[in-house]
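The chain below stands alone, shown as structure tokens; this is the form predicted alone.
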Amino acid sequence: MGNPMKIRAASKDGVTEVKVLMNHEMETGFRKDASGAPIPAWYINEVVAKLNGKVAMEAQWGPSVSKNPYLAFKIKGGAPGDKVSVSWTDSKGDTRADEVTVS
């Protein structure tokens, strides 16, 4: 699906801060198109972040999250050179996964 996520990860004093900008339309299912037909719901419902392959954060989302969601969180541990991966699955079964090196 579409463009890659923009991920930044920086470690300071034993804590890694991760910032993620995801590209997704995030339709609620309540809007209608120009002809008045309902636009089907389509949204990210699961997000998983890993530090060096180990799950560090999991989130379950619903249709109320905005278009192109931004997510920021901190992980205890991590050092420059480590890998942070973020993946999501949406309500249609589409997935996206991207990875960044911690600075």
Partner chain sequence: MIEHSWTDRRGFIRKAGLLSLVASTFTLLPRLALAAWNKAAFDSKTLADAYQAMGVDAPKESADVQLLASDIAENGAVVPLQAVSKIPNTTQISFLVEKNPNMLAALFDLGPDTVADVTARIKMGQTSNVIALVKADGKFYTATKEIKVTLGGCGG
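Everything numeric in this text was worked out from a predicted model, so none of it was measured. Residue numbers count along the first chain shown, from 1.
Here the subject shifts to the form predicted in complex with its partner chain, a form of this protein not shown in this document.
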Check: Heavy atoms within 4.5 Å of its partner chain in the model of the complex: does residue 72 have any?
Finding: yes
Next item on the list: Look up in the model of the complex whether residue 41 has a non-hydrogen atom within 4.5 angstroms of its partner chain, and give yes or no.
Entry: no
Check: Do residue 21 and its partner chain come within 4.5 Å of each other in the model of the complex, heavy atoms counted?
Finding: yes
Note to self: residue 35 versus its partner chain, in the model of the complex: is there a non-hydrogen atom within 4.5 Å?
What the structure shows: no
Check: Within 26-53, which residues come within 4.5 Å of its partner chain in the model of the complex, counting heavy atoms only?
Finding: 26, 28, 30, 31, 43, 45, 46
